[in-house]
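Take a look at this single chain, the form predicted alone, given in structure tokens.
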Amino acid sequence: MKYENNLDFALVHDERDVMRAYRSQYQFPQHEGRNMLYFTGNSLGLQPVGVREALMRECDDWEKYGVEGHFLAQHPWYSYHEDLSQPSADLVGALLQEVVIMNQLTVNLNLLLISFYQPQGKRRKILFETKPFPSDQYSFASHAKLHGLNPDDVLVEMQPREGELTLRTEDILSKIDELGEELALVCFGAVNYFTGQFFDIKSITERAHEVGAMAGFDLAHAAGNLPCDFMIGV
């Protein structure tokens, strides 16, 4: 297909889009009486049409049952994680036994860091992308301090080339090689919340492992938006 940079081309293909019907399932913010053009799905998506009803159903069950809602609610709260594990595994391309639904983003990141960030000797640095989600960067700094390290010495924020807004994969891989034995952890957002850049998870992970470092990815802005196949190579 030959793409054209004009409105008519976009409108024609919008009409032909096989997923077009899904637009009616979301609430669009209004601007001067018209639906806004919404491009920030990588950060906060649009509200699904049925979400208000679903939330009120849970509130009604909470009012009616209190703590017993864990078992008596229309959708018992106690087993939420069981109901959501398989769909979540499908979203990120993982095995069912590798996925659990729990806590909140920053809590989970801290739990992972306490297990997988284990600085030893000169291998103590954490590499991450420029402008990561703020709570990610705060967590990195907290865990550096937990190990008695100065965040200024161990946190390496990967910057794009001058005049560019996103990072080149070859530059990320080169930086991993440069840090080498000093690198303990590479932790990127799979999709950067600020720029929307989708990183090459497979290449970054393989290069981190080659130099003896751990690799992790915050999927908050990727899962459900873009294909994530964490079973590559399994």
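No experiment lies behind these values; they were computed from the predicted model shown. Numbers for residues come from their place in the sequence shown, where the first is 1.
The same protein also exists as the form predicted in complex with a small molecule; that form is not shown, yet it is the one meant from here on.
Check your understanding: Hey, in the model of the complex, does Thr130 get a heavy atom within 4.5 angstroms of the small molecule?
Key -> Residue-level check for Thr130: no, no contact with the small molecule.
Review point. According to a 4.5 angstroms non-hydrogen atom cut-off, is Gln97 in contact with the small molecule in the model of the complex?
Key: Judged by the heavy-atom cut-off of 4.5 Å, Gln97 is well away from the small molecule in the model of the complex.
Review point. Is there any non-hydrogen atom of Gln104 lying within 4.5 Å of the small molecule in the model of the complex?
Key: Yes, contact at 4.5 Å.
Exercise for review: Would you check, heavy atoms only and a 4.5 Å threshold, whether Ser135 touches the small molecule in the model of the complex?
Suggested key: Looking in the model of the complex, residue contacts with the small molecule include Ser135, since a heavy atom lies within 4.5 Å.
Point to revise | Candidate stretches 78-86, 104-112, 156-164, 120-128 - the one whose heavy atoms come within 4.5 Å of the small molecule in the model of the complex | key: Result of the contact check: 104-112.
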